[in-house]
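Here you get one chain, nothing else, as structure tokens; it is the form predicted on its own.
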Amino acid sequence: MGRVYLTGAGPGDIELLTVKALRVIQKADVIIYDRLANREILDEAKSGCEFIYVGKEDSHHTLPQEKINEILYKSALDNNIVVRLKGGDPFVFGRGGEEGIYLRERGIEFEFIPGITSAIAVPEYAGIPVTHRGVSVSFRVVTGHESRDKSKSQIAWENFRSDDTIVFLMGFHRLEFISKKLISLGKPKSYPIAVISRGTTKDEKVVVGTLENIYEKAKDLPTPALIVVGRVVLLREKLKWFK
């Protein structure tokens, strides 16, 4: 019986992969990877390593989460080192906790390897700090894609009236709703917002606008795309560096 490494692949730039993650990838017998993990990482695997793709996209899942859990379990029964490679970090909307609990209940040993989360790294590559002295002293990371079996939103929208930075992950398909919702809560229509597409990669695109116009300006961007709301967005003109 093997061990499963629930591993963060980082936000896209392969050089943001951690040393620890690289070490287990190079030893892996099986790598089970998702859509947001940089495919170049797989080139680091040893000869004979098995690759299993379990990616999820909007409105299309290669496999349901329950099936992915089962694949992890069965792979651990037949292999010594199993790597579950996830974009970003396993615990930041990555279902890593669910997979760990599933394995624990079946007696499979596992280990979490943190990854650099896109919630911080993607804005940073775009020259947008999630906190900045005198501008924003805290930030929130919010899912833009809630579970469909919830009859009521789990997002505490009423708490978003402050000037905290808000980072929405997996929320691009709800960009228009998010903008209108924040305006309805009292934020000015001119409030700064940015959408960052394919952040930290050579295909990165950044669109900056206001809550009133961002949907029209950014609606045609390719995914994955991350949304940043806050006055820190205005610092991009002084801090943008990545080309």
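Numbering starts at 1 and follows the sequence shown. Not measured: the values here are computed from a predicted model.
Unshown form predicted together with a small molecule; subsequent notes refer to it.
Of the heavy atoms in V83, none are within 4.5 Å of the small molecule in the predicted bound form.
Mapping the unseen interface onto this chain, L169 counts among the residues with a heavy atom inside 4.5 Å of the small molecule in the predicted bound form. Although the partner is absent here, A225 sits close enough that one of its heavy atoms falls within 4.5 Å of the small molecule in the predicted bound form. Looking at F93, you'd find a heavy atom of it within 4.5 angstroms of the small molecule in the predicted bound form.
Note on contacts: among L36, A45, V207, L211, the single residue with a heavy atom within 4.5 Å of the small molecule in the predicted bound form is L36. Stretch 193-201 is the contacting one of 65-73, 176-184, 193-201, 212-220, since its residues have non-hydrogen atoms within 4.5 Å of the small molecule in the predicted bound form.
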